[in-house]
Ligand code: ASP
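One chain is shown next in structure tokens, namely the form predicted on its own.
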Amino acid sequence: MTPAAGRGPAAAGLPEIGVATMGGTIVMLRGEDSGLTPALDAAELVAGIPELAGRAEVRGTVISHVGSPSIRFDDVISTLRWSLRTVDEGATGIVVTHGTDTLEETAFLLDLWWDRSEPVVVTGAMRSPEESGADGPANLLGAVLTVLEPESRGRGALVVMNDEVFPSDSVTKTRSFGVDAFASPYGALGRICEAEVEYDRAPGGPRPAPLPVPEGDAWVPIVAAPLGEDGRVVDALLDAGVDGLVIDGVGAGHVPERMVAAVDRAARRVPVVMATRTRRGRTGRNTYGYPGAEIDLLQRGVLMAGRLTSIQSRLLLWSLLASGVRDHDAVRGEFDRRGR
């Protein structure tokens, strides 16, 4: 664990916030003969933001020092357990700093498992600390302000990037470069203006009950279904021993007719979830009836992801299967609840 930042007489009586660093651009510096690599810890990040002085006492830890494509499920679970302990010991909430490549995935998983009213806020940076216009300090400040905002309680895991607050169940990285890389098809929950968090939307009803933290593992790959695809990839994965499959379908959750037989074989053996690659809207239920469309697939036992993306569907299905949930109706119930 890194030394806590902000401790001492001046910090007496201030709210405590936990900051867990998981690597990524926000903590990266450039080496003499190499590209950006993780280097900073939580205390160093906080020390570089003068606006945090007098606002909160920070307790930090380093979970991982890697680029975010290399984050593992175990890293996310370690972050969760540290965050829960820190909140139970009196912290107002948690900030998680993360690489942006898989930031949305960690935020989604934390939200699945988070069972406290205190907020957990995930943030990162698109520019390193050494670049002109580095966005990490502003994003970290925004994340801390979001944790301190009373209206953030009860909203589960949130994502703060570029002065916007997003729900973790719909935010996604939409650009490979640029500080405005994160967006949600349903819009931001709120914005940060003049060092205050201003929410535009109230929570949309109660959050689904948190899932148990997995103690096992599962193999849940994603299969694309583009024009001309057949079922050989599905059959190969089934033969290789997958525990479940997510299909990134076209339109409202459709596959080419040549894939149908393989999808049918898979759905008889493992949970198969159909998502839509459109990223806006949900999968269909009762509009199209041709082979490979939703009516046909539902009759074959395929589960529909609703508005969950294929990435989110994979994480939800992995969490369920890794926790030992194999009952078809139980899995379908979770997708019905979270895919609305």
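All residue numbers refer to positions in the sequence shown, first residue = 1. Note that this is a predicted model, so its numbers are computed, not measured.
Separately, the form predicted together with the named molecule exists; it is not shown, and the next lines address it.
With the partner omitted here, the stretch from 277 to 285, 309 to 317, 60 to 68, 43 to 51 that lies within 4.5 Å of the named molecule by heavy atoms in the model of the complex is 60 to 68.
A heavy atom within 4.5 Å of the named molecule in the model of the complex is found for exactly one of Ala143, Ala125, Val255, Val171: Ala125.
Comment: the named molecule is not present in this chain, but in the model of the complex one of Gly190, Pro214, Gly136, Gly99 has a heavy atom within 4.5 Å of it, namely Gly99. When the named molecule is considered in the model of the complex, Gly18 lies well away from it, no heavy atom lying within 4.5 Å. Contact between Met304 and the named molecule in the model of the complex is not found at the 4.5 Å heavy atom cutoff.
For the chain shown alone, Met28 is a contact residue for the named molecule in the model of the complex, at least one non-hydrogen atom being within 4.5 angstroms.
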